[in-house]
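Take a look at this single chain in C-alpha cells; it is the form predicted alone.
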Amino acid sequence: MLKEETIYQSIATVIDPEVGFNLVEMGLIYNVEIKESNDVVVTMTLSTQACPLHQLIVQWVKEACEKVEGVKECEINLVWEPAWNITMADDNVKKALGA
C-alpha cells in the first residue's frame, strides 16, 4: 500500500537548482493524494511564476513520484494560491536564506 510519506520522500530528491534545497523542505509541495487506482496527484507551487525552470521542475516531480514502486501515474496540479513565501519553508531553509 502506498503511503504519502513515501511519495514525499521521493519528491524530496528533487533539488531546486537555484537555491540548493529540496522542494519538500522549501514548502513547495502543498498536498499529495493517492487514489485507489494508485495514481498520485501532487499539488504544488513554485517560488515564483516567472521560474525559468518551471517545466523541468514539474517534470522532475512527476518522475520522482513515478519511480515509487506501485505508483501507476502522477498528475501535477500546479497552483499559485496560496502564493509561496519563505515562511512556508523549513527552519533550516529560512536560516540559510536569512529569513
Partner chain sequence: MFVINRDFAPPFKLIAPYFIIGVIFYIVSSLFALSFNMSVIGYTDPFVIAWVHLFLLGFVIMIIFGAMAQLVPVVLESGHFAVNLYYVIWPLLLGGTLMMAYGFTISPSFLPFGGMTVLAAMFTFLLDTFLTIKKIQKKLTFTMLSIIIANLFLLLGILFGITLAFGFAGKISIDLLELLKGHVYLVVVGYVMITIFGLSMTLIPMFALSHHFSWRPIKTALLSISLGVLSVAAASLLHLTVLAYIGYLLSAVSLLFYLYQIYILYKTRARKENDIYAKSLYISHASLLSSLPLGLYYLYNGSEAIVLATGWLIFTGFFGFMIIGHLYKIVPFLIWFERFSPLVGKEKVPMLAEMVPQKSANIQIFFGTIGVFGGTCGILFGNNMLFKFAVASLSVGSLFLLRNLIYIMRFK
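Because the structure is a prediction, the values reported are computed rather than measured. Positions refer to the first chain, counted from 1.
The form predicted in complex with the partner chain is left out here; the points below concern that form.
Chemist: Can we say 33, 38 and 70 each have a non-hydrogen atom within 4.5 Å of the partner chain in the model of the complex?
Modeler: No.
Chemist: Does at least one non-hydrogen atom of residue 74 fall within 4.5 angstroms of the partner chain in the model of the complex?
Modeler: Residue 74: contacts the partner chain in the model of the complex.
Chemist: Against the partner chain in the model of the complex, would residue 12 count as a contact residue? Criterion: heavy atoms within 4.5 Å.
Modeler: Contact with the partner chain, no.
Chemist: Can residue 43 be called a contact residue for the partner chain in the model of the complex at 4.5 Å between heavy atoms?
Modeler: Contact check for residue 43: no, nothing within 4.5 Å of the partner chain in the model of the complex.
Chemist: Heavy atoms within 4.5 Å of the partner chain in the model of the complex: does residue 91 have any?
Modeler: No, residue 91 is distant from the partner.
Chemist: Given a 4.5 Å distance limit between heavy atoms, list every residue of 75 to 97 close to the partner chain in the model of the complex, or none if there are none.
Modeler: Contacting residues: 75, 76, 78, 84, 85, 86, 97.
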